[in-house]
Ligand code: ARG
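Next up is one chain by itself, shown in C-alpha cells, the form predicted alone.
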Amino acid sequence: MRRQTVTLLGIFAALSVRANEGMWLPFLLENNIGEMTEMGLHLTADDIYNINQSCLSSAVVGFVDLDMPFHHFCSGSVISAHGLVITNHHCGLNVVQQHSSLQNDYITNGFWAMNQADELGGNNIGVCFLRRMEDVTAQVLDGVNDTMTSSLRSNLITKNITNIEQTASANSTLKAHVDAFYCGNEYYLSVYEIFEDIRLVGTPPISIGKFGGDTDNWVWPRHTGDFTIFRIYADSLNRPAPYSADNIPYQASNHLKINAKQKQEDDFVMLMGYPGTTNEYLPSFAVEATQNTFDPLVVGIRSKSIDIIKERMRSDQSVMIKYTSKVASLANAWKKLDGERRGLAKKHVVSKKRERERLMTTWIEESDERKKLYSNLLDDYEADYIEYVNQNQAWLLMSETLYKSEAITVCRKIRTLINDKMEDSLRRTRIINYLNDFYTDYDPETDISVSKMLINEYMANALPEHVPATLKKGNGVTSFAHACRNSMFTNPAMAIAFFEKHSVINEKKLLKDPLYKLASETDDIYHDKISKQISQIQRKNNQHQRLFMQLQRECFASSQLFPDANSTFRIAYGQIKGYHPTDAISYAPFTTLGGIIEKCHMDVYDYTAPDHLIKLYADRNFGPYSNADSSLTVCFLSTCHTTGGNSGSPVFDTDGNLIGLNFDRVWEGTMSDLQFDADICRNISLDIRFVLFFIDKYAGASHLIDEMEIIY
C-alpha cells in the first residue's frame, strides 16, 4: 500500500499542471477562477464569459480567411463602439501588401486613414465573435461503441457532428462548428457570428511593425511595434454582410477599455484568443521524432530558401514588396522550429516523458482492469509510429521542396480548379482571377532561383519512386530549368492570355506545358505513394493517442489537464515576469523606445527606424504614455501559455482592461507547443501605451484615440 502511495505521488509531481500553464475553455472557467483570484484577478467567471450578458470575451475576435471560416489565423479585440479592431502587424501584413504598389508603398511607409472614407476594404478576411460554446460529447458519440472499426466510428461521428452543426446554425446568421478535444475523447460546439467586411484603418511602417525582422524574431529583448488596426463594417441592421459601399461601421455590443498606466513586474495578466495547435500529451517517441527528425528537416531547407529570397529583396525594391509577407511566413516557422528542437533537447523532455510513461506503466500494472485496457498501448503505438516517421519524412521533404516552388504551386492550383465540378465559363473566370492575384506578388527570377535549390534538396534525399518522371530525365535542376524556359506559367502575360483565349479548357492541352506536367506528376506521386500511406497509419496513431489521452486523464484524475489548442477560444493567465535562459544571463520583463535607438546604432539590416520616430525620442515627446522615469515601454514579458493563433490576442490587467497585444514567444521556450516549462516559457506582448503613442504622436491619427475609452 505504501508503494502505491509513493508511486502516485511521483506521478503527480511529474505530470501535474503548474500555475500559468494551460489554455482554458471559457465556459469551464469556474475551475480556474479560484487560482486566478489568488494571483490577483478582480473579476468573476461571468465577467469574463457569459452568453447572456456583456462580458470581456464578447469583445475578442478571431481573424479568419473567408474560405476557411473556422481556422483562426490570428486573434484581436474590439477597442471602440464603432468597430475598431486591433491585432498584430504581421496578422494584417498580407492585406497591407495587397493594397501596396511602388506608387503607394504602404509596407515601407505605413498607412493611416484619416477618415472612414479612406479605409481600405475588399479584403478576403473576416472576424468572428464566439457567441456560445457547449459540451456536445454525448450527442457526437451517440451510437459509438468500442467494437466498431475506426472507419465506422469516424463515419458515425462525422454524421453526428454534421447534424449538430446544422441544427445549431439553422434559421440564423450564426455559424456552428464542432471540434474534438482531449484527442477525440470529448467534443464541444462553438457558435460564431462572422463579419466579412473588414477594412484597413492604420498600420505602422514595416520598420516598426516588424522592427528587428528575422534577427529578433522569437527573441528577447524585443522592440517590435507589432500592431495594425482594422474596422468591422456591417449592413444597415448591424448584421454581417459581404463588402459593400453601402455598409456602415459595426456598432459593437462591447468594447475594451484601455489601461494607459505603467505596469510592474509580477502584475497579474490574462490573455484571450484562438491558439492554433499544441501537442502537450504526445508520448516520448513522438517528441523524439519531432526533435531529431521532423524539425531539423524543415529548418535546414527553409534557411536556404530564406537566404536566397532576402538577397533578391535587398537588390530589388519590387521584389521586397512582393516577397515581404512570403519570407516572413517562411522565417517564422523556421526559427520557431529551430528553437523548439533546441529547447526540447536542453530540457531533456524526451527523458522526462519516458519517466512519466514508466510511472504510468506502474500504475497500469496495479489493476487487472487497467491492464486489460492499456497494457499493450504504448508498445503498439510506438511500433506504428516508426512507420509514421518514415512516411512523414517523405511528405515533409516534398512539402518543403517541390511544393514550396511557386512555379509548381500555381500549376497545382490550376489543376485543382480544372478538376472542380463547375461550368466552363465560371472555371475560366476563377482561373483568370487566381492568376491575376498570384502574379501580382510573383517574381520569376526569385522563384526559379529558390526552386533550383529546392529541386537539388529533393533529388538528394527523396526515394527513387518518389521522383517525378520529368526530373528523372536530367539531373533534376537541368530538367526543371528546361521546363521553366518552355512553360507559359513563368510568363504571366502568356499564362493569362491562354485561359482568356480558350472558353473550354482541355487538360490534355495543358499537359503539354512542362511545368504543368511536372506539377501533375508530383501530385500523383503524393496521392498514390505518400498521402494514402500516411492517412492509413495516422488513423491508427489517432486511435492510440485517444487511448493514451484517456489513460493520462484517468491516471491523473485529481489533476486538471487542459485540452490541447485547436483554434478554438481559450483563456490563459499568468504574471509579468522576466526569466533566466542560461547561466549568468537574466532578462528584465520590459523594453523601451531607447532600446530601438540603441539597436539602430548597431549597423544591422533589420535595425532601422523612421527619422520621425527618432526625433520624437530625442525630444522625449511621448505625451501621456511615458513611464515615471520618462521612458516609453515598447514590449513586456509574461508567463501566459500561448502558441500560433494567439498573435494579436488582447492582454488584460487585473480589472479586465486592455494593456497589450500578444505577438510572440521567447526562442528558448518555443517548445511549449509540446512541453510547457514555467522557468523559460514566456510570451511577448506589445505594450498598449506604445500603440497609443504611435497613433497619437507619430501618425497624427488622434481621431482614432478619440474613439477609444482610455484610462490614464
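Numbering starts at 1 and follows the sequence shown. This one's a predicted model, so the numbers in the text were calculated from it and none came from an experiment. Basically, rigid core = biggest C-alpha set you can superpose within 1.5 Å across the two forms.
If you look for the form predicted in complex with this ligand, you will not find it shown, but the lines that follow are about it.
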May I ask you to check whether residue 570 falls inside a 4.5 Å heavy atom distance of this ligand in the predicted complex? no
Is residue 231 close to this ligand in the predicted complex, meaning a heavy atom pair under 4.5 Å apart or at it? no
Distance check, residue 217 to this ligand in the predicted complex, heavy atom within 4.5 Å: yes
My question is simply whether residue 490 lines the interface with this ligand in the predicted complex - judged by any non-hydrogen atom within 4.5 Å. no
Choose one stretch from 631 to 639, 361 to 369, 466 to 474, 217 to 225: the one whose residues place a heavy atom within 4.5 angstroms of this ligand in the predicted complex. 217 to 225
Just to confirm, with a 4.5 Å cut-off on non-hydrogen atoms, which of 263, 353, 210, 199 contacts this ligand in the predicted complex? 210
Using heavy atoms only and a 4.5 Å cut-off, determine which of 668, 653, 687, 664 is in contact with this ligand in the predicted complex. 664
What residues in 70 to 94 sit within 4.5 Å of this ligand in the predicted complex, counting heavy atoms only? 90
Cα of residue 153 displaced 2 Å or more between the shown form and the other one, core superposed? no
I want to check residue 310: does it shift between the shown form and the other one by 2 Å or more at the Cα, with the core superposed? yes
